[in-house]
Ligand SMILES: Cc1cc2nc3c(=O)[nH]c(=O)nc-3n(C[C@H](O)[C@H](O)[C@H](O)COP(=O)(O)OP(=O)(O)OC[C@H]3O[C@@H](n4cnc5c(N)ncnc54)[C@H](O)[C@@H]3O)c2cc1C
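For reference, the chain that follows is the form predicted alone, supplied as structure tokens.
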């Protein structure tokens, strides 16, 4: 045994959820350790759809350009019928960027590429992943969690103020915490999934066949020479994946002999586990991502929900570590557990539709884009306006281009980017209020006035329109891009009271 060493946060699991959480903590100078049981980074495509809200998170983290360069929007689906006919369809047709939402539809990009970009960002921030490192046991005390880790046969004890389980649907950490994983395994919903090279089809379409035997699809993975293979299989079919089995499925369901699969890098059998936790926190331990909820692949919700779990949790953990009341962490469960339940319901509905229609992909509505997720019922949402508009405290803070300050032009998201709170004042006469707030919280927030004569000029009216502003308004936008506080009255007291939840207790 080595001597115990202390860190602020131990993160178990280095998938997208754990990596986003690590980046959030690293840019706030929180001491953490990120471990993963895998011997090396995963090469599996797994979740391959990154939703607009997650792209906004990656924008804030400073990596969205790399993500966009490695992915593709609006890849058309090509459906083939039994008679050799075909039909092309864009399942995200009509979903285009808007002034309030710069990413209009799902980006097709393999999960391993998202993870690689996040690892690079984490390295820039001074962090790393400790691979081949397993959580063997944990015990909780009043002020810390003591974890026993193993690496290449050696055992190590680590003491952390907080522990976060991001280690997937089969989470060892969740089981050791005694958190129930409620739901069911649907043996009637089974699939083979894998990454393979393919000849005989082009890369300009996601190719899919619907037959009495079931759905099979080949989705080209942007920036690679690989395709993701997906196929529903019958409940009584063998479940051991192999290249020969994949090839047989393609041969039978496509009715073609010219499509050849080769060089698999990952093959998996999947069955529908539809489960979620009943709580997100036990003492000084929390769960996030697939460790808290597992989804069907229909609709591309799982990875994205995990990313946003981490985005919600990271700034709150940092605030508590810096002295805020630990009750702030209870709002993580308060806000994210209902979202997980809602998203799980959406995934289930899409999976049921897929089973009924014998194909996994169908036209998508806006509900899968995750832009409408809100926390209006949260204790962190305070709207003091007598007549709030359509955009209220608890809602996602919209983007708005064409904000001009002299010769420089900004987007609203440019103002938000970084680990700070953002104070937005629409209209004139806020100087005294802003000064009082900054006197107490200037190190936590950045402030911007949107008013032509003394601040940013909303040249095209996108900010006023996007935020549905009808009177002079003061907003506080949280570090995770949600409106926390709104008021019309030119008084600093309510805003100061709101901000006190995020600073050291006195």
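Since the model is a prediction, treat every value here as computed from it, not as a measurement. Numbering follows the first chain given and starts at 1.
The form predicted in complex with the named molecule is left out here; the points below concern that form.
Peer 1: Report yes if any heavy atom of residue 332 sits within 4.5 Å of a heavy atom of the named molecule in the predicted complex; otherwise report no.
Peer 2: Because no heavy atom of residue 332 falls inside 4.5 Å of the named molecule in the predicted complex, the answer is no.
Peer 1: Check whether residue 378 has any heavy atom within 4.5 Å of a heavy atom of the named molecule in the predicted complex, and answer yes or no.
Peer 2: Residue-level check for residue 378: no, no contact with the named molecule.
Peer 1: Tell me, yes or no, whether residue 479 is in contact with the named molecule in the predicted complex, where a contact means a heavy atom of each within 4.5 Å.
Peer 2: Outside the cut-off, so no.
Peer 1: With the partner left out here, check for me: in the predicted complex, does some heavy atom of residue 457 sit within 4.5 Å of the named molecule?
Peer 2: Residue-level check for residue 457: no, no contact with the named molecule.
Peer 1: Identify which of 314, 110, 217, 302 has a heavy atom within 4.5 Å of the named molecule in the predicted complex; exactly one of them does.
Peer 2: Exactly one listed residue reaches within 4.5 Å, namely 302.
Peer 1: Quick check on this chain: which one of 270, 205, 79, 426 has a heavy atom within 4.5 Å of the named molecule in the predicted complex?
Peer 2: Answer to the contact question: 270.
Peer 1: Can you check 303-311, 386-394, 94-102, 231-239 and let me know which stretch has heavy atoms within 4.5 Å of the named molecule in the predicted complex?
Peer 2: Residues of 303-311 come within 4.5 Å of the partner.
Peer 1: Just to make sure I understand: among 146-184, which residues lie within 4.5 Å of the named molecule in the predicted complex, judging by heavy atoms?
Peer 2: Contacts from 146-184: 166, 167, 168, 172.
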